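Consider the single chain below, provided in structure tokens and representing the form predicted alone.
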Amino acid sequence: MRVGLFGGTFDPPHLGHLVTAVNVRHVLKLDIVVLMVANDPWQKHGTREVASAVDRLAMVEAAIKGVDGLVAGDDEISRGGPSFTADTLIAMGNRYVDAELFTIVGDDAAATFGTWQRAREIAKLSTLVVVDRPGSPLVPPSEFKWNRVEAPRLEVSSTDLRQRFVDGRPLDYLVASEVLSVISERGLYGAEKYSVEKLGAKKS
């Protein structure tokens, strides 16, 4: 079995995350890609308020509903405390016995991979995958071996999306309507001010 780990804060999950996961799964012929929701993203301590892990998991579950091969991961939430990729890979190895594991990161994260907690352990436990911007391949740290996947790069920022909720700007085609429904129902990002229709959710 070939299993991809695509970790993130997902605050909120957007179409750029889904495009990355689907394309990596296709290119590397992975059985599943686990979108692992960070319980406590320690890298963001002191920078901004982060939505609760339970809310972010609910948004990821809504985002991937019906998408073949994508799975929402709650291992880091269940484990509690700060989220470290090495610990998650160990847990996934115990869950998917004898599976080949792949750690998927964007080009910006790959550039600083050497500063990650237990980076060498991550590289030992899994195959590293860097998602390149088409036409602009990154040169990741050469001390690690990388698989490269080129995928369409949607310039969607979770930071911009959170501000759009505050400003009331359109969210059409940036966030799945199912995610917008969760945000509206839970009153996240100031969304209690708006109906789902005003947020830009498209009714099917």
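Start at 1 and count along the sequence shown; that's the residue number. Since this is a predicted model, take the numbers as computed values, not measurements.
What follows is about the form predicted together with a small molecule, which we do not show.
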Practice task
Please determine, with the chain shown alone, which of 104-112, 89-97, 118-126, 72-80 has non-hydrogen atoms within 4.5 Å of the small molecule in the predicted bound form.
Solution key: 104-112
Handout entry: N147, Q163, S157, S52 - the one with a heavy atom within 4.5 Å of the small molecule in the predicted bound form
Key = S157
Practice task
May I ask you to state whether T9 is within 4.5 Å of the small molecule in the predicted bound form, using heavy atom distances?
Solution key: yes
Practice task
Flag H14 as yes or no: does it have a non-hydrogen atom within 4.5 angstroms of any non-hydrogen atom of the small molecule in the predicted bound form?
Solution key: yes
